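Shown next as structure tokens: one chain only, the form predicted alone.
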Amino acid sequence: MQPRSASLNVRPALAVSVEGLTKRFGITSAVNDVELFVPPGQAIAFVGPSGAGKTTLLELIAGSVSPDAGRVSLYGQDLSSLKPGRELASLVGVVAQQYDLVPNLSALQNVLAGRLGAWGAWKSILSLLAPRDKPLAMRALERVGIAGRAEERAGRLSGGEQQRVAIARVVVQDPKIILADEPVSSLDPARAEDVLALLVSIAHERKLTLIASMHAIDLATRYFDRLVGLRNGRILFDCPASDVTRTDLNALYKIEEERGG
């Protein structure tokens, strides 16, 4: 049975093109022959049960994991041909599930880490002593609502504030694509909604492509243009968020009957 797919009758230059992508860990196929085509500016959520392959698929698109088969292209460029550093950073920014902040550095310094791909090694070292592009980082912190916490060490910030620092960091990186792995899973419901709304609004303002893995279906349905349902490493459905049905979700999250007695 073929997955129900979003209509792409007229395909613009694609932000992300995934063709025949497969990744195995031992005998387990985390991602199995996946095809996915994402136009620029779209906000997409990967949804599905734990172990469905959502994080692995994000890592394959980010280039942090290499596929066993298939290919990923970003704005027409084969991912395998892109050099780490400035070339890849200009296309893809990642908001990690655990934020990946340096606890003993200030919020401002952590945000400026988003410029490392553009600076190169020597400028990056100098920036530890005298932060470069400080006005840019302050504007990003102001945009995410915590400019007053710029000099506070990241380790002393709340979870919601740390996630805002991570978002500000990707803002100063200025990629064309943002990948977010469970961006609000560790936050309470109220803060989760605030942070997700912020992330999606920034992507829309800047006309960025946003791809996130999400556990909270209600948030995914409200904030994303398109949902891609993954189960056992395969796409079960791919359609506008408003078209996802209860039948789709039941099939996605069904608990298979245990075998044996």
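Residue indices: 1-based, along the sequence shown. This structure is a prediction, so every number in the text was calculated from the model and none was measured.
Form predicted together with a small molecule: not shown, discussed below.
Chemist: Exactly one of Gly63, Pro67, Pro49, Pro40 has a non-hydrogen atom within 4.5 Å of the small molecule in the predicted bound form; which residue is it?
Modeler: In short, Pro49.
Chemist: Exactly one stretch in 32-40, 50-58, 220-228, 196-204 has heavy atoms within 4.5 Å of the small molecule in the predicted bound form; which is it?
Modeler: The contacting stretch is 50-58.
Chemist: Against the small molecule in the predicted bound form, would Tyr253 count as a contact residue? Criterion: heavy atoms within 4.5 Å.
Modeler: Because no heavy atom of Tyr253 falls inside 4.5 Å of the small molecule in the predicted bound form, the answer is no.
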